[in-house]
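Two forms, one chain: they're shown below as structure tokens, one block per form, named structure 1 and structure 2.
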Structure 1
Amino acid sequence: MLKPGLLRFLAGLFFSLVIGWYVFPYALYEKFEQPIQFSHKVHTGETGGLSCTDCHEIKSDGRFSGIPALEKCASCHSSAIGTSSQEKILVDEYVSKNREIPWLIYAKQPQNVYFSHASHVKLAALECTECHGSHGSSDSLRPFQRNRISGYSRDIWGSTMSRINRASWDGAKMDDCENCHDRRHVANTCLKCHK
């Protein structure tokens, strides 16, 4: 039989493991809904017929447009297409008021990080999915999770706390960038990625 002391010890152990692995991750991140829902699937599928680069383009000066500005949305959605509630918000709150949509950017890196889509896509020929996974075929936008301490998006750390057995797109910490650079024999000097 287990001694009561050992039992209490194991109970404590179990308690903190539960807290640490299940409660803590939940409490650490603050969840925010996107200002409106958006379906990549609809836009890229038969209905929309768009390709990724129709909205997310590398411009001639080498800068990446990132999330497109409202102008891009308004070029099709100048008036409501369909009757969904989200469509109504898009047109009434943003397009007609000419207000930029305050999207919450999952892949947002801190301001001291420099990243060039042009060199990764054009020169290194990486696929979008290498870092962004299947985001491009998602049907809805998941809540944005913001780290309460650092303020970073959860996507920087990745979906799991342990960071074990992750896909290439799950997490974008400095380690992840460095490891990929190492694998591809690309320099890992500070100024390569910092500004």
Structure 2
Amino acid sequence: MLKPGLLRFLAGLFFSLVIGWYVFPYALYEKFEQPIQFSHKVHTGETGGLSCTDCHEIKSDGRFSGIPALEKCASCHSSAIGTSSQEKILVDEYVSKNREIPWLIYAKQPQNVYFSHASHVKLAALECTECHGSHGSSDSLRPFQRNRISGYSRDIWGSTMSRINRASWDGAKMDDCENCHDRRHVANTCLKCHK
């Protein structure tokens, strides 16, 4: 039988873990909807037939375009080609007004971090899904969650504070990158990622 002091300690520890891992994130992160909904599935499936690099291209000098500029969307959507309300918003509010879409960036890294898509995609031949999961086949965009203290996306930490049983692509903290480099026998030096 457990002593009352040990039982209180274990109950307190359990309570603290629940608060820290499940309740605290609700206070720490604020949610924002993306300006418009977007279906990767429609654009990359049989209907659209696009690949990730058709919109998120790596330029010849190795720079990554990230979120596509409005001109990329406007090349197909100068007028509505579907009937969705989101496409109407895209055409009426952004394309016809030549106004960039103010996307909220899920994977934006801190300013002191240098990440090269070219070296990971072209040299290491990693698939987009290794870091971004099934986001490229999603039918809608999930809310953006921003840390109230740091201002960074929840995607940097990952979907759970405990980080237990998480997918390999769920998080982009420094130790996630280091672990991936270790698995692939790639050097982990400070100046490789911090410039």
Partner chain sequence: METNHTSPRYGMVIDVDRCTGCGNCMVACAVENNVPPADPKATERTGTTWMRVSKLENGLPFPENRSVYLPVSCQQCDHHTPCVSVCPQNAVEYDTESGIVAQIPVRCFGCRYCVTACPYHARYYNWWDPVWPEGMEKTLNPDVSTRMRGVVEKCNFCHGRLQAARAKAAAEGRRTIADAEYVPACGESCPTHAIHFGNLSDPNSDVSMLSKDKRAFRLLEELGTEPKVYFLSEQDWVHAIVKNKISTELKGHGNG
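Every residue number counts along structure 1's sequence, beginning with 1. This structure is a prediction, so every number in the text was calculated from the model and none was measured. Note that the rigid core is defined as the largest set of C-alphas that superpose within 1.5 Å between two forms.
- Of the two forms shown, the one predicted together with the partner chain is structure 1, not structure 2.
- Overlaying the rigid core between structures 1 and 2 leaves the Cα of Tyr22 displaced by 2.6 angstrom.
- On the core-superposed pair, the CA position of Gly12 changes by 6.4 Å between structures 1 and 2.
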